[in-house]
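Next up: a single chain in structure tokens, the form predicted alone.
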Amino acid sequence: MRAQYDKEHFRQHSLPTPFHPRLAELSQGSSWHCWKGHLSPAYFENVELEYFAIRNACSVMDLSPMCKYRIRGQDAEAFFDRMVTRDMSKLKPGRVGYSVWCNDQGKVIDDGTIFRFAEHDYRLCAYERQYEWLKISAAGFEVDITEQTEEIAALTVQGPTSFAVLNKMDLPGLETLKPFGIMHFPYHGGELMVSRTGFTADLGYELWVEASKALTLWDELFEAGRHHGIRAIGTDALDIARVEAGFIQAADDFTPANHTIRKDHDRSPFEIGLGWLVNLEKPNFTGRKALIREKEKGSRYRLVKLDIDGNKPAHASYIFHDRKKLAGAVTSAVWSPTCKQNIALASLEVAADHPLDDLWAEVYYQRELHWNRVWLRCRVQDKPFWNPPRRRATPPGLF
């Protein structure tokens, strides 16, 4: 009885994804961690080699733990327009939109991508579990909400040779797919959906298939990429790429509002660099009144991209103005192998005596059990650290 009891689904701490048999074969570092209840590798063999697959060849990462929800119904567009900050009427069928949603106080609950398949048919992909919030937000709307996290297997295929690899997989017309576009292909009696989306600011795609066909997709993808430098990657390599792109990550660069304990630890879209996603001209959406007040009064914080002197990543470092007055803190930091820069994202207080010049990071690092402290000069950057033209090229190059 004891053995049967331990095998119950809800007793398992972390579940394998549909791709787990292939991931386990490749894992050399036993670097498994829990991503929303699923086993996910931080790396397979070497983080640096995996990172360079993103920038120089073709990287493949298991995206299946991403929380996925299907929203269908006559009021699906109105439901999303009421919940998220962007104008959903502008998202046409066959397209993907990035957005955030807030609580009544205008603080971000989560960000995610919204796939519009048809007039009344959507899929939402989010970092956090959102089923309860979706059901609360659906009050009064004629919509059906279904969680598909376990049903849909997903891979992110990123890098300059990603199109060349997919071009060998009998996906006619893929060369016409534009950024944030969607295409559907018949696949072994089912369907393969390809979206030109990703988290790396490089040429790349995401592949979506029913879980039963996951291993077939993996095997065919790696066979197609044999001569194009294809490599499986973990979350550590992806994290370097997303900081280079200036992309924020929930739980790193902001704490979701429904997880904060102190009220001043949450953030609005304006405070995490996503003000461009807020459409205050919409008649109503959750958090609109609070965001209008913030727009009038000003925000408490701002998220900035920092180029930092030296080569010591400023993980969790405080940022000071003139080495004296505390101005904020680093939320994400990496050494960029491609840009050859020490870079970071930081949340800074907005105040008259906190200008964006003469900023310094107080960085602590350890060598041979000895802790060192250095002051490193910081410069605010307006543009992403990495944003190559191939990211948007249509048709993509056959690298």
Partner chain sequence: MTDRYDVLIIGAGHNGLVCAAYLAKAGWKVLVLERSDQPGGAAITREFAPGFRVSACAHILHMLQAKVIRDLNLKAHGLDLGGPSIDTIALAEDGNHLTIRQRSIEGAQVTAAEKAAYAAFIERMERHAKALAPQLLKTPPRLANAGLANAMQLAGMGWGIRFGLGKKRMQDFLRIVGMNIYDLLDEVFESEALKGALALDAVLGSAMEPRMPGTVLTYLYRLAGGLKSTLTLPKGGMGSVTAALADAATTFGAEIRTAVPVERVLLEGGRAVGVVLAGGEELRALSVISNADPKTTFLKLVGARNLEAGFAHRIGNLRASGRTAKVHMVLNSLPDFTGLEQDALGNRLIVAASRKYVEDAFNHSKYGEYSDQPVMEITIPSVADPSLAPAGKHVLSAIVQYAPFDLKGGWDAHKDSFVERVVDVISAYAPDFRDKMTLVECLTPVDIEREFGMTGGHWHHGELALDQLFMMRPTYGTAQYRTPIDGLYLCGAGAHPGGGVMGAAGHNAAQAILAGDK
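Owing to the predicted nature of the structure, the values given are computational and were not obtained by experimental measurement. Residue numbers count along the first chain shown, from 1.
Another form exists, predicted in complex with the partner chain; not displayed. Remarks below refer to it.
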Looking at 270-278, 140-148, 218-226, 188-196, which lies within 4.5 angstroms of the partner chain in the predicted bound form, counting heavy atoms? 140-148
Can you tell me if Asn311 lies within 4.5 angstroms of the partner chain in the predicted bound form, counting non-hydrogen atoms only? no
Partner contact for Gly204 in the predicted bound form: the partner chain, 4.5 angstroms, heavy atom: no
Indicate whether Gly287 is a 4.5 Å heavy atom neighbour of the partner chain in the predicted bound form. yes
Examine Glu119 and determine whether its closest non-hydrogen atom to the partner chain in the predicted bound form is within 4.5 angstroms. no
Of Ala211, Ala316, Leu326, Ala78, the one that lies within 4.5 Å of the partner chain in the predicted bound form (heavy atoms): Ala78
Here the chain is shown alone; which of Trp133, Phe320, Tyr301, Phe247 has a heavy atom within 4.5 Å of the partner chain in the predicted bound form? Trp133
State yes only if every one of Arg82, Asp104 and Pro283 has a non-hydrogen atom within 4.5 Å of the partner chain in the predicted bound form; otherwise state no. yes
